[in-house]
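Form predicted alone, single chain, as structure tokens, below.
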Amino acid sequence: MSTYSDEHKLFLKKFKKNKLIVNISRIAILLIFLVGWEIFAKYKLINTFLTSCPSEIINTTISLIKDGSLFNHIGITLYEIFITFIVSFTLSMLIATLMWIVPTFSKIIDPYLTVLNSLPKVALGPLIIIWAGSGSKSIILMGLLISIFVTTINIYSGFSSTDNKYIILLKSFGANRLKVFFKVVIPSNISNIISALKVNISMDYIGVVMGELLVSKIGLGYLIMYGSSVFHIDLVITSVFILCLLSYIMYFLVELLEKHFKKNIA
């Protein structure tokens, strides 16, 4: 016998229906775009030399798999993104935590975060190459410079927006700022931290690909640069599509993590 009320059953039914509509719409938009693109290319309504087309992207992907280079390029890019992701998020959490626990430190560092975040990181490319060499170190450093300031600002903004009533309540029982942080601020900001993870993923991809465009001889960023230099647009767009796919997979994994935390909290 069901323990759910009729209103609850109706809510669950509407929720499932809405979720189905969202998923179908997402897939439909992608399919319409790809099919339309292929039709436009087939009937010469667009210049495939400049825009490529889905069938050519598939052929290019197969060609890269056959010559054994695709997974090597993907592996290097994923390695650089993974290292950047772990280091940047860890540092961002540590800095944001210190900023909340020590307000004076926050007042000192806040303007520097804003200024450094606004710097055009690409302009620092030559310096980064001089400092870290022309290998993975410089690519990871570029990724860190692009992602760490944005992620720190986002996490700290969430910490600062924590409901003050709970903080005052704990302080009335004699809790210090460190205890308040772990008992109230962190639990209240799980969603904000997950959102920061999503932002961090996109920033890491941007930073690593920009770094590969500057110095790499391997990786998806290198394929984009090489394809552009020889006017091999199929290779460029294939690499971009693979990056989009990898980014979505990481985004999906973070969404699963978010659902796990929400389920446990509930």
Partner chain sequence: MSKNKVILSIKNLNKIYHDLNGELLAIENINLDVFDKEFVSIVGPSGCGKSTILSILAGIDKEYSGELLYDDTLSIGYMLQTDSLFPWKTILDNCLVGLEVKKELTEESKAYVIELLKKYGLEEFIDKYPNNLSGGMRQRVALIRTLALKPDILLLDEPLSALDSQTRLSIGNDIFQIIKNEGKTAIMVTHDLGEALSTSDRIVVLTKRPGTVKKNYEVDFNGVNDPKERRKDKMFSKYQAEIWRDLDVNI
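Note that this is a predicted model, so its numbers are computed, not measured. Numbering follows the first chain given and starts at 1.
The same protein also exists as the form predicted together with the partner chain; that form is not shown, yet it is the one meant from here on.
Put simply, Leu169 is close to the partner chain in the predicted complex: some heavy atom of it is within 4.5 Å. Of the heavy atoms in Lys183, some are within 4.5 Å of the partner chain in the predicted complex. Heavy atoms of Lys179 reach within 4.5 Å of the partner chain in the predicted complex, making it an interface residue.
Looking at Ala175, you'd find a heavy atom of it within 4.5 angstroms of the partner chain in the predicted complex. The chain is drawn here without the partner chain; in the predicted complex, the stretch among 98-106, 112-120, 74-82, 183-191 whose residues come within 4.5 Å of it by any heavy atom is 183-191.
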